[in-house]
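Given next, in structure tokens, is a single chain: the form predicted on its own.
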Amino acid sequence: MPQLSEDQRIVITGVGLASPNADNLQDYRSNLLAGQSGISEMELRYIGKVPAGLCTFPETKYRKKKENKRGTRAGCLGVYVANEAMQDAGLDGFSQYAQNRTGVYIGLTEHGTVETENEIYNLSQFEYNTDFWSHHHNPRTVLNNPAGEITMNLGISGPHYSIGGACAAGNAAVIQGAQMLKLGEVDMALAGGISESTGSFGIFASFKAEGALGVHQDPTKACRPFDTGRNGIVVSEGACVFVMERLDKALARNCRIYGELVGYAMNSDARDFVLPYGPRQAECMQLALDRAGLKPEDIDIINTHATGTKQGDIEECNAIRSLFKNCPHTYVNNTKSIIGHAMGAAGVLELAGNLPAFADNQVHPTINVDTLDPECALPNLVTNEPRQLETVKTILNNSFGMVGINSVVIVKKMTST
């Protein structure tokens, strides 16, 4: 692979997040290493009590309560994490990057469902009289809403849009941000994903109808990928946005660099609406490795997509096994076991939680693995306790979604230019 010039190398310089167990990267990392679950129990309209991942963060830190009320939950999450990412990157406003040269790319699994369900419920209280339908409904439910709310809050006049990539959407947004930077369309990208899915009873009801809604008498144990007792997905809300820049610009302003995006890939199963397909997932990982100029044995950490569904976990494990079976120094973990499945935010929250491994050389654990499913028994699967390594230089992050969409990103530790 030819060496890229510094203006074609893309780096992550800022992280802003809201997850079910933290509202900043430092606490998030600490809780992941400790295996501190962010899953609790919530009361859901029409369904009752369900395990879910809910976020607590300072919702009025960057915009007023009135603005949050007019906007959406996704927008509220997005505004918070985008501002946090900017501050984390050492960007105080837009003195170093022009607002019209900044792009906002947000991955979504769902959007508009929450608002529509709430409006219909409200109408039911007024005998379905549509005079009570909110005039805010249209701008709240267009797909670009969360990205647009970020631009309005920060005064960004460059491009913004949302990327609907099911549960691969967060990774897809990162890939889009990198591509736009490489093309010179923008000079800075705010890229990530958002999930407001815990506000929708329909998502829970659908997973329940599919026999794929995770349940347990202890909600913190409901999400249990790779365990023989796993019984489905735990739905979570959350958000994460990265500040992404070209390496030459990041070096010029002497900022902290979390890592370099060296490889990525997306493909399609082209088979089924719901069931994943391991061979195509393996192809996606191989393509990302090829683009990065890396071999399987060069990867130190694989963060799995595994959601806690019976066949889904097995398909991904088979895919990983086919590529990494002879890689004794490649370690595997799972973040969803701790925070649940944050849908469109899953990929970026999971990548964010692993980025600090470049500094502390630890692999955070997969929790709730009491009895490992033999079909998920990957070599170096880190369970229940963190693993200390000598060094961590590369992270591969898997994120797959319904209707057969697969995404993989590979991030490398910055050691030299």
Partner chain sequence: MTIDEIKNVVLEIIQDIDDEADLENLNSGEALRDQLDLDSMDFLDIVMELRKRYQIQIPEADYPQLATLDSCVNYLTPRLKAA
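Residue numbers count along the first chain shown, from 1. Fair warning: this is a prediction, and the values are worked out from it, not measured in the lab.
Keep in mind that the form predicted together with its partner chain is missing from the display, and what follows is about it.
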Original post:
Can any non-hydrogen atom of Thr228 be found within 4.5 angstroms of its partner chain in the model of the complex?
Top reply: no
Original post:
Is there a non-hydrogen atom of Asn326 within 4.5 angstroms of a non-hydrogen atom of its partner chain in the model of the complex?
Top reply: no
Original post:
With the cut-off set at 4.5 Å between non-hydrogen atoms, does Pro139 touch its partner chain in the model of the complex?
Top reply: yes
Original post:
Should Glu127 be counted as a contact of its partner chain in the model of the complex, where contact means heavy atoms within 4.5 Å?
Top reply: no
**OP:** Identify whether its partner chain in the model of the complex is within 4.5 Å of every residue in the set Lys66, Asp131 and His135, based on non-hydrogen atoms.
**Re:** yes
Subject >> Residue (of Gln87, Ser268, Asn122, Ser206) lying close to its partner chain in the model of the complex, criterion heavy atoms within 4.5 Å >> reply: Asn122
Original post:
Of 67 to 75, 193 to 201, 280 to 288, 152 to 160, which is the one stretch near its partner chain in the model of the complex, taking non-hydrogen atoms within 4.5 angstroms as near?
Top reply: 67 to 75
